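The form predicted on its own is given below as one chain in structure tokens.
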Amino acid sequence: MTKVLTDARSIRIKGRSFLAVVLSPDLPLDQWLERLDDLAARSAGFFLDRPVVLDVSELSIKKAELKQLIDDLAARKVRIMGIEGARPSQLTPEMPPAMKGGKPASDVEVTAQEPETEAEAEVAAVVSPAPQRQEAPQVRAIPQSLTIDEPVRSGQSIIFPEGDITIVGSVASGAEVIAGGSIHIYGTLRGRAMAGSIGNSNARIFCRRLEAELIAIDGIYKMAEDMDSSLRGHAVQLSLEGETIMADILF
């Protein structure tokens, strides 16, 4: 006998993942905050409506210092959704919750057989179907590249942590492209491009014409005024060596 586990009072629970910015402060904190202010001043709206995780795993600070850091970030309109690497004794109930286990998206995902009825679909996140003895789980490869066949307009955000992004067109000022892998732009890069966003130091940025507001690879960034003026207007390849962004003019 099949028993329906949902009724009109059921609550639908869904799983969903979001790409969060991870801030990893270093000491002394006042100097780090100054550099953060510099980034925010030169890239307006960078933290606006963006989920942010505070990673303090490499900091030796006391509870009061951690609370002050969170307050200092809040004053800068940087809202922390969670804290990673903090000891339980450092956290208080009014602080953001502790987080752990953050990692890049996997290359494959195992999915169970799709439910056939709406009632089954609503409980699928809670009740796992019994495994079939002679059927292997379905394995679906996650796409490792994303192609956008049009320009990226101001205010748009293209985020693809699973791999490379290719833009067939330009990226306007005020737009941003964030990739877990490399970024290829067959047009002018006027906005922000952040490659290797989940910890890939081998990621690169390619564009036919460099006019960027900000570029970043594996968390190392440069603003427009920090770039060599001789690179602007050229087709370039950007890569990371240690903690230095290297640029090669292609033609």
Partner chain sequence: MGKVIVVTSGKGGVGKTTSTAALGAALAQRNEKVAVVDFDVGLRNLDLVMGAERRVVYDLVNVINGDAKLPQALIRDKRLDTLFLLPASQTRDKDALTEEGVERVIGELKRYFDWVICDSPAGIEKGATLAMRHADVAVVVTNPEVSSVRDSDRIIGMLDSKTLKAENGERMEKHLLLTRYDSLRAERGDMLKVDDVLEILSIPLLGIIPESTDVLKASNLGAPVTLSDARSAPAQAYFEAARRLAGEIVPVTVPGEKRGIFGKLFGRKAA
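Positions refer to the first chain, counted from 1. This one's a predicted model, so the numbers in the text were calculated from it and none came from an experiment. Only the largest set of C-alpha atoms that superpose within 1.5 Å between the two forms is called the rigid core.
The form predicted in complex with the partner chain exists for this protein as well; it is not shown, and the discussion that follows is about that form.
Decide yes or no: are N202, S239 and E243 jointly within 4.5 Å of the partner chain in the predicted complex, with each residue judged by its heavy atoms?
No, none of N202, S239 and E243 comes within 4.5 Å of the partner chain in the predicted complex.
Just give me the single entry in P161, P96, G85, G174 that has a non-hydrogen atom within 4.5 angstroms of the partner chain in the predicted complex.
Looking at P161, P96, G85, G174 one by one, just G174 meets the 4.5 Å heavy-atom criterion.
Only one of K222, R50, K63, R209 comes within 4.5 Å of the partner chain in the predicted complex by heavy atoms, so just point that one out.
Checking each option against the partner chain in the predicted complex, the one that comes within 4.5 Å is R209.
How about A179: is it within 4.5 Å of the partner chain in the predicted complex, going by heavy atoms?
It does not: once the partner chain is placed as it appears in the predicted complex, A179 has no heavy atom within 4.5 Å of it.
Decide whether Q90 counts as a contact residue for the partner chain in the predicted complex under a heavy atom distance cut-off of 4.5 Å.
No.
Test of understanding: in the predicted complex, would S145 fall inside 4.5 Å of the partner chain by heavy atoms?
S145 lies outside the contact set for the partner chain.
Taking 4.5 angstroms as the cut-off for heavy atoms, does Q156 touch the partner chain in the predicted complex?
Because a heavy atom of Q156 falls inside 4.5 Å of the partner chain in the predicted complex, the answer is yes.
Quick check for you: of 184-192, 24-32, 214-222, 65-73, which stretch puts a non-hydrogen atom within 4.5 Å of the partner chain in the predicted complex?
It is 184-192 that comes within 4.5 Å of the partner.
Given a superposition on the rigid core, I'd like a yes or no on whether A86 shifts its C-alpha by 2 Å or more between this form and the one not shown.
The answer is yes; the displacement is at least 2 Å.
Work out the direction of the Cα-Cα change for I220 and I61 in the predicted complex: closer or farther than in this form? It's 3 angstroms or more.
Farther, not closer.
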